[in-house]
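Next up: the same protein chain in two forms, each one alone, written as structure tokens (structure 1, then structure 2).
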Structure 1
Amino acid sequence: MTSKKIVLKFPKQLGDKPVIYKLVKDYNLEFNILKAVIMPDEEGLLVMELKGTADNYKNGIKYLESLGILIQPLSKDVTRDEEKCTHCGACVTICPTFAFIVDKKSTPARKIVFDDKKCIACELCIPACPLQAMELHF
């Protein structure tokens, strides 16, 4: 079973097409939409978790790419600027998926570790960070 969080960027001509429906019907993939911005006559953005057998996942991604949809892993879009971060912990309490954890064994003590695989791009950490160390690049 393959399960990945990905970001899809749709060309504006696909905004009204049943693209995700075909992933379910033709490729037997499960999806969980984490974020969607789709407006008529504009490029669309969809952040989703896509799950299925390795072959179905691979073929579903090929189908999306054949339509001109840009696909990238979510982990490339949510980043932390390590130079700005002071490990104050403001992000730890606000994150609904526990993507931030306190590493009590780290040096310096109590370093905040960001696990981008748990991130769902909810953006709650961005305004919570007093030093604006978290960045979202869609």
Structure 2
Amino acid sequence: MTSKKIVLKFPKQLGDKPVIYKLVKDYNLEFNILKAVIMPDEEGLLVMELKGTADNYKNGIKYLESLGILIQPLSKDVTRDEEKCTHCGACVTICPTFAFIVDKKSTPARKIVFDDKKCIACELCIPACPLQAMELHF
């Protein structure tokens, strides 16, 4: 039995194909979707746990890769150094899963809240944060 948490990055044109359905039907895999972000006309991101026999798992992954889907293990963790963060907001439009939220009701207003539950460790914010406040852990 193999069970792993993986991050899938979909190319644009794949958004509407029944990929997951095929994984279940043809490869007899169990899945548990942890996070999904699929925007029209953009790349999609899916984080899920995939479970099945070693062979089925391997073939399922092969099938996904044949579709041009990028697969990465989810073994990383992204945190914010609260001392370093200035709440500038540069990260807000960088994060594909909207993990940074402008809190209009904070005092003072416009504190940038980092919701790590939404984070899929894509790492985009790490070089983009001008204050080097975002950190990657393995």
Partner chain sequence: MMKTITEINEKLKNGEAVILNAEEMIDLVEKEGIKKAAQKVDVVTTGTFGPMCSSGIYINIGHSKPRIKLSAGECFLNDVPAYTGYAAVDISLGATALPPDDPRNKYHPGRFIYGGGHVIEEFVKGKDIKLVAKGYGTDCYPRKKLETFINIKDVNEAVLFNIRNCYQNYNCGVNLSDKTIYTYMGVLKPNLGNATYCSAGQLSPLLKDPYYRTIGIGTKIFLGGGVGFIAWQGTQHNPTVKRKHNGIPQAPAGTIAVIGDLKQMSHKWLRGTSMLGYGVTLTIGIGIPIPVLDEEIAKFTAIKDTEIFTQVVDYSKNYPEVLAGSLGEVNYAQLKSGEIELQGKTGLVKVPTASLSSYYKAVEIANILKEWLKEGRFLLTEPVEKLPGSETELTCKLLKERILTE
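Take the two forms, superpose them, and find the largest set of C-alpha atoms that agree within 1.5 Å; that set is the rigid core. Residue 1 is the first residue of structure 1, and the numbers go on in sequence order from there. Computed from a prediction, not measured in an experiment: that's the story for all the values here.
For the form predicted on its own, the corresponding chain is the one labelled structure 1.
Remark: with the core as the superposition reference, the CA shift of residue 91 between the two structures reaches 2 Å or more. If you fit the rigid core between the two structures, you'll see the Cα of residue 122 move by 2 angstroms or more.
Relative to the larger rigid part, the smaller one is rotated between the two structures by 111°, as taken from C-alpha superpositions.
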